[in-house]
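Okay, so here's just one chain, in structure tokens, the form predicted on its own.
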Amino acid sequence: MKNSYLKNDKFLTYSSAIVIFFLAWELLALLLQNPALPRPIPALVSFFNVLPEGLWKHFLVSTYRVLTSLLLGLALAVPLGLYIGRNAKLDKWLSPQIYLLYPVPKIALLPVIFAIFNIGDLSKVILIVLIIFFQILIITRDAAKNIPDSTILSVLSLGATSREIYSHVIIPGCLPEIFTAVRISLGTAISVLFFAESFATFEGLGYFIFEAWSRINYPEMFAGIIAISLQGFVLFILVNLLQRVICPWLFK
């Protein structure tokens, strides 16, 4: 009964948010009276018209690039962040280098990456990984550092090995923060990919949006914007569902 109530409550929350968003969009479009901001209904009609005509392919290409980048970033940054977080000497040595490299605007390296890896999927994935790597690394490292030493000592006193400490204490203790890093990095990945797909490519939602803009086809441009918003919304929902499966103790 409680689960059913929570599901209905969540459905109402999401539905209300969508209704409020479209009402605000409608009001803003009426106030501005500018063709660059079409009203929601024409944009939605355009979305459903162009979706079967090729928008779905751009959607899948962009989603593939985002998910590949996110998985690579997690695979590289999470183990390193966990290890640095539990090794004070290594953290002391690496932290200045991380803080030096993190603020560097990696997006400025896009021409260099294109020149080395060409303009296909690989270059875009590498760019996104370069950016989200440090976000995931720092959040994971801080989460590992914040695990109380007393918890580690109590498990060690029971004869646990280093591997068992990581698998039963450190990793479970860091999972909530790692999922926070996933959400932050997901938003970053979509934003960076939109920029990377806006030139030197013929696939992806970024290309679709800018190509429609170049033809001054604003309803079609907003169809692409709706698609990229839908992409982010669906991926965020999937991350939430995955967290419920992996971290059920957080939702009791």
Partner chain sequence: MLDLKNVSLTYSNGSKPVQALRGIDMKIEKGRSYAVIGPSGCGKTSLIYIMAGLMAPTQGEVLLHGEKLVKPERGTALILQEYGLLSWKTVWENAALGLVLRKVPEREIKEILERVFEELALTECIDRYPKQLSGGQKQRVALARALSLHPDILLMDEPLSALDALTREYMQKVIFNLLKRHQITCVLVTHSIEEAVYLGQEIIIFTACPGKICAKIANPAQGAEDYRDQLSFHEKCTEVRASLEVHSQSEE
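Positions refer to the first chain, counted from 1. All values derive from a computational prediction rather than experimental measurement.
As for the form predicted together with its partner chain, it is not shown, yet the points below apply to it.
Only one segment in the set 161-169, 135-143, 96-104, 119-127 has residues whose heavy atoms sit within 4.5 Å of its partner chain in the predicted complex; it is 161-169. Residue contact with its partner chain in the predicted complex: residue 88 places no heavy atom within 4.5 Å of it. Within 4.5 Å of some heavy atom of its partner chain in the predicted complex lies at least one heavy atom of residue 156.
Contact check for residue 180: every heavy atom lies farther than 4.5 Å from its partner chain in the predicted complex. Mapping the unseen interface onto this chain, residue 79 falls outside it, with no heavy atom inside 4.5 Å of its partner chain in the predicted complex.
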